[in-house]
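This document starts with one chain, in the form predicted on its own, laid out as structure tokens.
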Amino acid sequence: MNLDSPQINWPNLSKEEKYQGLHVQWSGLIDPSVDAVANLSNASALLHSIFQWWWVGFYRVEGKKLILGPFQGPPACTSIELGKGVCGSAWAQSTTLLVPDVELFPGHIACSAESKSEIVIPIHTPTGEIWGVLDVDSEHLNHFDKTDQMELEKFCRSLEIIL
């Protein structure tokens, strides 16, 4: 299987094969010569096309808020306060949050009633500051696991060269 081909039949691959393909394709797409918006737009499109998640996107830190960045999926919340919801909590705690059922997360911000589970990964600058977060939502309960966490954290570390 040629994982750098754009003609891959993603739905037929295992989760592990999809992540392998993600990393291969991302290494060919990431472009440090252009701004973060261009790269993050491609990143969200690539993640969305491979995994078909309900919503995939980025929020960037501006002061005490996360502000919506490039994303794929239905319209989203445009700003989230530090410590609020899953995204604001992941930012405040500087840790990945894997939420099997968003209805059980205290203070969950419902940007879409279709979202049932979520994973949020803080993204750091090369100097170690939190730049923002990668937010991924699924319309299925218990959709994300430790494999998703490990692979998405690896993916987010690859973004450091463009921030």
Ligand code: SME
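Everything numeric here is computed off the predicted structure, so don't read it as measured data. Start at 1 with the first residue shown and count on from there.
Not pictured, yet referred to below: the form predicted together with the named molecule.
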Could you tell me which one of L29, I67, V34, I109 places a heavy atom within 4.5 Å of the named molecule in the predicted complex?
I109
W55 near the named molecule in the predicted complex, any heavy atom under 4.5 Å?
yes
Residue by residue through 121-138, tell me which have a non-hydrogen atom within 4.5 angstroms of the named molecule in the predicted complex.
D135, D137
